[in-house]
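Presented below, as structure tokens, is a lone chain in the form predicted on its own.
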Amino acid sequence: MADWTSQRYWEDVAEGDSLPALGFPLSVHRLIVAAGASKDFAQIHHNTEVARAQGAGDMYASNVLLLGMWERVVREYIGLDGVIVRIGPLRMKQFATAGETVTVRASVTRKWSEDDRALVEIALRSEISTGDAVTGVVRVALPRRTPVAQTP
């Protein structure tokens, strides 16, 4: 469970830091609820027969659901005052189907300042039993403990 009373600051982050991994079981119920919640009614996300006819092994998670998993992992790491600046690029490698557990793993790959913004790049991967389902990066901005001095 996230501790929303604490905030991560840019000074607290180092390249190579790992974020806590988080697993998301993909039950049929979760896939159907996610499809309805995102209004993604493509049957490949909630109907096994349709998904198999399209070449998948079973109904599978939508991009929106998979990226929502990334957002949860990143948001718990950056805290409420952190800002998700950009998601991507990312690469979809294989279907995350019903019955799998998607484990999101992440690590800090870059930390820098740009235009008075304290930025961090995080590499993420969504793992299933047969390897990575999705890989990519997310860029975030974090608050600083000490504000940068402004030049007149």
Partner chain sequence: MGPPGRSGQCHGSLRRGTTIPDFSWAERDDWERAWDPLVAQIGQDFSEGSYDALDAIEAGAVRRFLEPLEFDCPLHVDEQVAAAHGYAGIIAPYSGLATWISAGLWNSGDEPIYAGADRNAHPRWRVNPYPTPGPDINGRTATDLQYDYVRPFAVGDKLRSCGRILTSVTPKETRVGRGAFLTWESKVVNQVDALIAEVHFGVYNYVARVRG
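Since the model is a prediction, treat every value here as computed from it, not as a measurement. Residue numbers count along the first chain shown, from 1.
Just so it is clear, the following notes concern the form predicted in complex with its partner chain, a form of the same protein that is not shown.
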{"item": "4.5 Å heavy atom contact with its partner chain in the predicted complex for all of Ala2, Ser38 and Asn47", "value": "yes"}
{"item": "Single option in Ala34, Ala98, Leu119, Val108 placed near its partner chain in the predicted complex, where near means a heavy atom within 4.5 Å", "value": "Ala34"}
{"item": "Close approach of Asn63 to its partner chain in the predicted complex, 4.5 Å, heavy atom", "value": "yes"}
{"item": "Contact of Val104 with its partner chain in the predicted complex (heavy atom, 4.5 Å)", "value": "no"}
{"item": "Heavy atom of Leu90 within 4.5 Å of its partner chain in the predicted complex", "value": "yes"}
{"item": "Touches its partner chain in the predicted complex: Trp10 (any heavy atom, 4.5 Å)", "value": "no"}
{"item": "Residues in 53 to 68 close to its partner chain in the predicted complex, defined by a heavy atom within 4.5 Å, in order", "value": "Ala53, Gln54, Gly55, Ala56, Gly57, Tyr60, Asn63, Val64, Leu65, Leu67, Gly68"}
